[in-house]
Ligand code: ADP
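The form predicted alone is given below as one chain in structure tokens.
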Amino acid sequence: MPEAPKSGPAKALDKLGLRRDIDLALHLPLRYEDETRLVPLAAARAGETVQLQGLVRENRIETRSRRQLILRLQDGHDELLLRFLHFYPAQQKAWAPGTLLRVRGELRDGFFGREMVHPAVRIVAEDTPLPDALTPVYPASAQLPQAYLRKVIASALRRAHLGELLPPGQVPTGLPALREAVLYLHHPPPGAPLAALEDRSHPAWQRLKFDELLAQQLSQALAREARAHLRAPVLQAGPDELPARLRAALPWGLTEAQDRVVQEIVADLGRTQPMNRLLQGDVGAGKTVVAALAAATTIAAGWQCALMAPTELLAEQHFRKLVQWLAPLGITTAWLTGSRRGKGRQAMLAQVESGEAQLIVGTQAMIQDGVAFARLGLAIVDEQHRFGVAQRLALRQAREGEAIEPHLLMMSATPIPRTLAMTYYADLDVSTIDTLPPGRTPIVTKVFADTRRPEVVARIRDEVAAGKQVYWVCPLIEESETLDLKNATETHAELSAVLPGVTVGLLHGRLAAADKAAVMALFASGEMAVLVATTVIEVGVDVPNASLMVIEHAERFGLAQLHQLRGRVGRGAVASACVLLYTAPLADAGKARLRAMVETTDGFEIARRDLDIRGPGEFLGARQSGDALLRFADLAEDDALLQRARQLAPTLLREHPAAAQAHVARWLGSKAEFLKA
């Protein structure tokens, strides 16, 4: 029989990934409430969260400013006012005068004396014991009350297998046994060091972090090992074949860095084991031509190559560039995106299925039902961090049969800092283009308050008069009640009015694909001088004559996104500038991002600072289909634990393979599947 659909709290647990007893046991508290002691009101200080006990002396409803329930609690000679803005009639009845209550909340000095607003309340007897451990507060959702979560976790802890899996002597010195650490973290005793628990420096937390890092390192090694048993097509081209002809046809030579990464990729393509390589390089480093040479090698060997990009605009930029290079060499390229429908789409699908289309460029539409590749030898995923893991897996699995796995090349203009690469990308080979092609001009970055917009508009006039082109990027398309941001439509109208005789275009995500293409064609040809756009132009747009990038409300953008947008200028020999307009006051994170943009144009340094500001979970996006692979460990704080885990992982796999597999299963469960992407 099929499993009955889950509902209510069970469904909420499933959504949080809490499916096994061990999942619940490893669902650790965010913080704790100390309900192990009572504080006399006379000894409590305003601003503290305390637990008090006293008799209800008064119970009334006030309706002066708004309807609220007021209780007066007697604690010895002192009185405490309890104020409830939301309450039920049953509560008013239950908390009648003479009832002994135990309340916990933040103590305030109010107009009518000391008070608590919406404290936690329990009806108790004189002999009701205090808990013998701190009360855990767990990460939860609206459908999962803390009381329910505490109950199911306590039940799971009695059943979960928390025995040691690691051989003796392998746990770092000074760390407790796993069972001891987990039980301590769920129920710390009275007097436990709250600061060390909440900043996760306590030895019990260190043990959990170590085990988590070890599971992550083991899973990456297992994923790499599993790929060693898969078979991929051997893709090789002769010295006079397609790749050599493409190189000869290019109007410029490759840089030393480009040449090096091409050799690394070509070596991988010539092996029977599937390539799993990340190609990273700063904005404008020339990754597309490397991808073209990889595609040419694949096609020369008689196989198909698919290139998937996250947006139609970027896919179209790639398509145009690749067709320009490859069509004269006799390569047939297909174009598959969501907007391509009807007979045109059917014709493309037929070309892909028959093998007539040797290179297929598109969006995630190429991994939907109805797309069948004849002989897919290489899958290239551009801006790979913008895709979910399931999408990358689907592209890998779009193969001829179970016996053959396509090679995978992932490209990113968001460089991965070294620590992150060691942790999250340990299963990948990484190629880095660490120099820019010659002829690129450095970009000057300026930060202006939005009160200086007239100066920026004057600069635009000068650029346009000199025959240059300008981008103006806005974060929204239309008015939002919640964010006071200038929108693209309004800015387009404003610039059109103050720049008479200048062609000002508008580009945003809600335009039809044909309209987007028309706008970009006008801008690329130079007929349009100013392009007002949302972040659809973040990647892939290449107009060498564009010399000025204005980013409005720059404080609202992430650092990687600002760097990507800045990379739309400085792509030719003309001197270029990027102006970051901000609205005061700036938060600390906003200040740090804008300062980084002014201080460096190095994508690797930008990535390092971005990691510092945002942390690895946000930096990586959908690496684990929306779930952070590391829940507890912090790469900035736990480097020593990471190094120990990296040292132990190969030894454990070699000498204790069953223990290694069990450790990964305990920590990752079904998530280990996502490490293949």
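Since the structure is predicted, the reported quantities are computational estimates derived from the model, not experimental observations. Just count from 1 along the sequence shown to find any residue number.
FYI, the form predicted in complex with the named molecule isn't displayed, but the following is about it.
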### Query
Of the listed stretches (295 to 303, 249 to 257, 373 to 381, 467 to 475), which one has a non-hydrogen atom within 4.5 Å of the named molecule in the predicted bound form?
249 to 257
### Task
Would you kindly say which of T535, T288, Q74, T332 lies with a heavy atom within 4.5 Å of the named molecule in the predicted bound form?
T288
### Task
Would you mind picking the one in R556, K321, R83, R150 that has a heavy atom within 4.5 Å of the named molecule in the predicted bound form?
K321
### Query
With the partner left out of view, is E316 within 4.5 angstroms of the named molecule in the predicted bound form by any non-hydrogen atom?
no
### Message
Is D434 near the named molecule? Define near as a heavy atom within 4.5 Å, in the predicted bound form.
### Response
no
#### Entry: Heavy atom of V283 within 4.5 Å of the named molecule in the predicted bound form
yes
### Query
Taking heavy atoms only, is K516 within 4.5 angstroms of the named molecule in the predicted bound form?
no
